[in-house]
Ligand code: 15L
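As structure tokens, one chain now follows by itself in the form predicted on its own.
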């Protein structure tokens, strides 16, 4: 159940896959939904505002944040690649966002972190929020930076943040790895809703996953937000097994939780 505890929410990365999936869903959480991305995305719908902003542009980010009550930050580069673009969008960009939040008195941010912050743990391990980061690439490093930065802004300025280590959020799991990491769009919205509604969010590291039987992540540190997944990858298991081959256990993409991200790069050689 959603309650409109916030008048105006900012959704960054609104033109991306998850942004599009959440656009209508998030209207249940606010009176006005402000959509921000680097690229044009058509006209604003009912109860929507559109603000174009390059995350690396501090002035543009400041304008996007001005006047909102909370932020759902999905913006930035969401795949592994060369460092420079990731630095601009994900490292400088998240700094610009938190500086704008500080200036404008925004006290709650939901930061789309990633399972790739911990991608170099093995698939045979179960980890929780107390395990240290082990990023599997530049993208994972940038999300680890965002988690640390958000911790600093909470400790110094009281800006509450949920770092959502999103697994694999698609309409359904695409492969065997995603049977462990899958997060349905509806469960993603339930997770965001729980983080927006909980009275005390603090600084929380939360794994974004549905109620999958197979999982590498223990979310017990996040019980205080009241998130309860309702979907599961289990219903797709037979179909995934039928269309995929048995894993090669010598492949690092099978050994480690980050999958193919652990093998990406180097770049520019």
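What you see is a predicted model, and the numbers here were worked out from it, not measured in a lab. Numbering follows the first chain given and starts at 1.
Beyond the structure shown, there is the form predicted together with D-galactaro-1,5-lactone (15L), which is absent from this document and is the topic of what follows.
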Though only this chain appears here, would residue 178 touch D-galactaro-1,5-lactone (15L) in the predicted bound form if you measure heavy atom gaps against 4.5 Å? yes
Answer for residue 79 alone: is it within 4.5 Å of D-galactaro-1,5-lactone (15L) in the predicted bound form, judged on heavy atom distances? yes
Flag residue 170 as yes or no: does it have a non-hydrogen atom within 4.5 angstroms of any non-hydrogen atom of D-galactaro-1,5-lactone (15L) in the predicted bound form? yes
So in the predicted bound form, does any heavy atom of residue 161 sit within 4.5 Å of D-galactaro-1,5-lactone (15L)? no
Where, among 111-119, 144-152, 195-203, 94-102, do residues come within 4.5 Å of D-galactaro-1,5-lactone (15L) in the predicted bound form by heavy atom distance? 111-119
